[in-house]
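Two versions of one and the same chain are coming, encoded as structure tokens; call them structure 1 and structure 2.
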Structure 1
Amino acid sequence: MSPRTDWVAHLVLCGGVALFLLPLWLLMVGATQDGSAIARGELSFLPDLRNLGIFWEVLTDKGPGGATIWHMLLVSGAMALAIAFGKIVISLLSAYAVTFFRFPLRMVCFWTIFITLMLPVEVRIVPTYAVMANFGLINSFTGLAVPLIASATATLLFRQVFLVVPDEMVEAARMDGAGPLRFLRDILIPLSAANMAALFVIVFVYGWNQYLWPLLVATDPKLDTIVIGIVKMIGGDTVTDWNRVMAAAVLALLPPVLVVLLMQRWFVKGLTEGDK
């Protein structure tokens, strides 16, 4: 548009980028430095390149609970994937049911799902714990993942997609002899692939970053997620191995950030169109 460079824009945007990247840079270079030097307040802006192996070494470190870092990463990954796939599958199916069929209490079902929007874990924390205890789900992987699979937002998103599928398409599929399940598999699922990709990013990040829920239902260190582990590590007043905490934090950051960066296009579109 304008032939000259927009210096103000570059200045503001570089400031914003620095605001985000500087703490990350400090975290990464800090990981390679000497822990006791950091504790004395001698954190340097430059990495100690001889010590890059720390990101590998720290994997076998034990957290305060006794689980190793790689085990915590594994739990986080399994939890995030289970929640992401579970949520996508059951939301797809329930949205399909309430959109393409008429059955008794259909709208009651829809509103029941809808209400969960207003009941985040945080507002029903104590009784949810009681329910989990009654089911014997405390300290189990099932308890960690399954209750977070229910989702109104994902159901609403798929419903929006399904509502605009042209009637002609449904008719044509029916004339060709496709039953409801065939229609779902061959037409609706390919049609909503982009939405599923976006949802996958949002839910994976959501699952990986959980803190309150694992804190509530999993006291067994075997189920410590990496986020829980890191908060435990900095919880004590006398942290000496700051560089190891930092290295673990880098490893905790990496998977969700990579997922967002690699799937950025679908993610941004899905987020702003589907609203959360």
Structure 2
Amino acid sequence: MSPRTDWVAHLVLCGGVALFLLPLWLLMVGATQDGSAIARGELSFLPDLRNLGIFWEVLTDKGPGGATIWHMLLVSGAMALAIAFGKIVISLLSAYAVTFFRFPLRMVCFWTIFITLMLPVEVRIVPTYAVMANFGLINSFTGLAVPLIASATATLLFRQVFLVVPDEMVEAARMDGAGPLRFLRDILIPLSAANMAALFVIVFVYGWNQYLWPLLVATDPKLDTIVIGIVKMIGGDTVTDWNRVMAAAVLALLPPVLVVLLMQRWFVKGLTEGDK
């Protein structure tokens, strides 16, 4: 690569970073400014350091539904963790079954799971809601998280990892007396650790950002997620306090960003070494 091409590549990357960071910077800056000024379009590019207490104030004050932003963050975190761990466990076991066990209609079961990739949540939202209603899980944390646990994508990911396991390793484990559960625990799970970490990051962010399903299944303010809480802060019968909305949005960004930063090494390793 020539020096000129290198400079062009760096310039394009810097432009992309600036384009991505500018809205986040305006979000953090706007949280420290006067809400009426923001409504008039008078948003400064510099923060007002005297108003940094707005973050603590928003965190502890009650929102439109009666729950605090802190409580909404806890609900979102619990929901995202439940979805992430649930997807990993169910997808790991289902991929293990269709890869290493020989049973009738095995591939039919796999392709049935795979076909569900073409059915997003919005398509199956009505029958899913009907099932949750029949089980009495409306306005419950179980109804909030369980329908989002199953994942054809994660099952496909783990199946691809398991397919590269040599047959000699399987035979050696069988000769050593390792049963199915021991083979899964001692061999497959350590081999899939990086992929599990990468999947955890992706699914945690997916669960954290859910809006449509929590909006439908949980009308109790105690089950409001942070995304629902921010939407409720906008509009309504009163004038929107845009500085408080922006402060809540900044607080909502912190947990997923923290998860990505803490698991960055495992995330990259899972994406780059999944086929090795």
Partner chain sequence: MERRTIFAGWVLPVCLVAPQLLLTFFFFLWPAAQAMWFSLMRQDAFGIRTEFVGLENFTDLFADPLYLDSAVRTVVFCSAVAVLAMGTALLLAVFADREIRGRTIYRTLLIWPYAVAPAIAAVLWVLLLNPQIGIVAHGLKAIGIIWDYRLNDTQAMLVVILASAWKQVSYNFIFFLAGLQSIPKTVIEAARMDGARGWRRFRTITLPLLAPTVFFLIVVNVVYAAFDTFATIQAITHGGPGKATETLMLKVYRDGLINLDLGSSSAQSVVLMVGVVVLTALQFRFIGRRNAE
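Because the structure is predicted, anything quoted here is derived from the model rather than measured. Note that the rigid core is defined as the largest set of C-alphas that superpose within 1.5 Å between two forms. Sequence positions of structure 1, starting at 1, serve as the residue numbers.
Q: Pick one: which structure is the form predicted alone?
A: Looking at both copies of the chain, structure 2 is the one that matches the description.
Q: Superposing on the rigid core, do we see a C-alpha displacement of 2 Å or more at Arg124 between the two structures?
A: After core superposition, the displacement of the Arg124 C-alpha between the two structures reaches the 2 Å mark, so yes.
Q: When the two forms are laid on each other by their rigid core, does Leu105 show a Cα shift of 2 Å or more between the two structures?
A: Yes: Leu105 shifts by at least 2 Å between the two structures.
Q: Quick one: core overlaid, is Leu11 moving 2 Å or more at the Cα between the two structures?
A: Passes the 2 Å threshold, so yes.
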